[in-house]
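There is one chain below, alone, in structure tokens, taken in the form predicted on its own.
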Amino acid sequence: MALISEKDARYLQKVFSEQLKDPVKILIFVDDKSECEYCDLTEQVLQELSSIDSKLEMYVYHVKRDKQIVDQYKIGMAPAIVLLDKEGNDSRIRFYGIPSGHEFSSLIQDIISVSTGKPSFFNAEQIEKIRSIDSPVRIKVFVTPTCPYCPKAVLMAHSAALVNSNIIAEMIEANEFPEMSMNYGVSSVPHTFINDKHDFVGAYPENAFIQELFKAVGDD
């Protein structure tokens, strides 16, 4: 049974035809079914999505068998999604867990952003400020599919990664990775961690997010 309805597929076809500029490579990392409850569903939804527009190219890798590319993109768990631009450059955008519910919209917007090279958030001044960060930054945003505020937090983190090659930004579906969520003390979402030591809860406005980002960088 299709996961993307015919109505949604027609809508996405229109969106992609109007907004996609360059091809986007979608890498999905999966594990054996016994180890990864949502890998098959994630692969299916991305197959259906990539069939909607020829600019979307999907590649499937196994976390245990394809060690070279797993190590290249530093994939730590499955299912995982990585977006590359038309030249194969890493956008540093990561999805861990099936992008369902409200997070499906995050994936669509990220695909458009990678295709156009334009982040979902931040004006020119804010982009220049983010680009001034010259040390490695890893942002983790814990979410759930039913959280209406989570896409903003995810897209803001992903936008920061898109404009600065020192930043990797990860969406983590909290319910799929309960042990990780417990280790990080996640009790409400969106919950954002920067470099694993600076954190905040909620979807912040752009300037407040940048302030938190620089607080974390300043702590290093």
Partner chain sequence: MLFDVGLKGEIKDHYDVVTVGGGPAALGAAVYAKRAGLSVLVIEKTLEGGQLNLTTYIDNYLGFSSIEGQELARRMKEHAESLGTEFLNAQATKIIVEDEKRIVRTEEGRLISAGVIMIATGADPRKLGVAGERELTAKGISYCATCDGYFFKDKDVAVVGGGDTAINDALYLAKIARSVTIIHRRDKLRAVKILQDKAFSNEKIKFEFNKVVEEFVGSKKLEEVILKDTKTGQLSRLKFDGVFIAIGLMPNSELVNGIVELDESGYIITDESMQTSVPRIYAIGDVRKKNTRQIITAVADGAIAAMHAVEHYFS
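As the structure is a prediction and not an experimental result, all values here were calculated from the model. Positions refer to the first chain, counted from 1.
Another form, the form predicted in complex with its partner chain, is not on view; read the next lines as being about it.
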| property | result |
| --- | --- |
| Residue contact check: Ala203 to its partner chain in the predicted complex, 4.5 Å heavy atom | yes |
| Tyr73 within 4.5 Å of its partner chain in the predicted complex, heavy atoms | no |
| Partner contact for Ser17 in the predicted complex: its partner chain, 4.5 angstroms, heavy atom | no |
| Asn89: touches its partner chain in the predicted complex, heavy atom cutoff 4.5 angstroms | no |
| Contact at Phe121, Thr146 and Asn207 by its partner chain in the predicted complex, all three, heavy atom at most 4.5 Å | yes |
| Contact residue in the predicted complex, from Ser188, Ser51, Gln44, Ser165 (heavy atom within 4.5 Å of its partner chain) | Ser188 |
